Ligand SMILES: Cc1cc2nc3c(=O)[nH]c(=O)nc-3n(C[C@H](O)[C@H](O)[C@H](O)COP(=O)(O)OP(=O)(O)OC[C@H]3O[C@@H](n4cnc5c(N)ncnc54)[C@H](O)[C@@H]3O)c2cc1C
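Below sits a lone chain in structure tokens, taken as the form predicted on its own.
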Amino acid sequence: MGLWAAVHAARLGIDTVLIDAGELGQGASGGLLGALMPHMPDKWNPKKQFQFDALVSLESEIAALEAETGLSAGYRRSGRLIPLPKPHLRTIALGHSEDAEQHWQAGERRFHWHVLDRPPVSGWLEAADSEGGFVHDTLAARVAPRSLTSVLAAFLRKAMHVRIMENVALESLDPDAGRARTSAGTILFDRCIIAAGHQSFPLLGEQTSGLAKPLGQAVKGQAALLKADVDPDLPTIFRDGLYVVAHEGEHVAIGSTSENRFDEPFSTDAQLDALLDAARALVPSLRDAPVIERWAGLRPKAIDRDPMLGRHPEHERLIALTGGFKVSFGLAHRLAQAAVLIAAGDEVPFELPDSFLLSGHIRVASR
């Protein structure tokens, strides 16, 4: 989110300092999965509309950055396959198909929630336990997380008006005075956007009075990368919290766990082994595929689960840009655009769901 914010600020010609306690694109953004999955198309609301618009617009945003940098973000609108293990799930899926025809529209572009008797591709998904058939969703996409962050970083390293400070720790923040003390010295600012992942929550909490609970928490996720000779156009498979994502370079990503409690935040364990076993049972071509990387990281989950965005009610100069948990990659560019426009005092040209606003999260944490 911070990288996207700096991109939008650079495009507006705003002098920007980008401070990172580590290196750009590390942390949760340096993972493996990259699944860009839409919400279910039923019970439509402003949050689902925001996500839909973001997922559609991300395609052109990435294409523009790729053209400017000459690098690839590993993006494809490859779709998603969902096996339906029980017959009654087919009836529900058919209802969702009608919902998608109504809501998944972007101008002349239409996206679908097809309900099929068999997978649209052979040899990718085991069909034995799918009595209700399969859903093939054409809105879903995927991106290679490290490739995307590399594209963003490459753009910023050449951007006018942007100064990058890596491996610099924030020691104290005085938003009303517009002063940040860091391990590299003091920085004066007009506006400060906090986009530090799960570390945003204590930073924002220190500036907030009357909190009864933290503004959010870190949730551990584990994933793995396999080497397999599969078509990178294959749709992402989703079943019972398991994602199987085909990427370029004969890579397939498996993930992710969601662990609210953990002792070792950056180590992998038997929970990832269970995901790998489930993936190999579901996808025949992965049964002998070697694991080339195991990964664990911490994702930011705001107290009210949705992304956390907006001006701090007690400090005009302070803007939050964090949260998102499992949907950050699909929304980050649009959330960051809103944060930069708020910082600049300009109007945001699209509706922000009330559940995204920092003020709402603060109310929940103050109860």
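The numbering used is simple: start at 1 and walk along the sequence shown. What you see is a predicted model; the values in this text were computed from it and never measured.
Only in words, not in the display: the form predicted together with this ligand, which the text now covers.
Taking a 4.5 Å heavy atom cutoff to this ligand in the predicted complex, the contact residue among Ala336, Leu58, Ile319, Leu298 is Leu298. Between this ligand and the residues Gly79, Gly132, Gly221, Pro175, the one pair within 4.5 Å by heavy atoms in the predicted complex involves Gly221. With a 4.5 Å cutoff on heavy atoms, Ser72 does not count as touching this ligand in the predicted complex; it lies far away. Proximity of Pro83 to this ligand in the predicted complex falls outside the 4.5 Å heavy atom cutoff. Contact between Pro119 and this ligand in the predicted complex is not found at the 4.5 Å heavy atom cutoff. This ligand is not drawn, but in the predicted complex it has no heavy atom within 4.5 Å of Gln49.
With this ligand omitted here, the record of contacts in the predicted complex names 194-202 of 90-98, 194-202, 156-164, 119-127, defined by a heavy atom within 4.5 Å.
Looking at 153-170, the residues that come within 4.5 Å of this ligand in the predicted complex, counting any heavy atom, are Val168, Ala169, Leu170.
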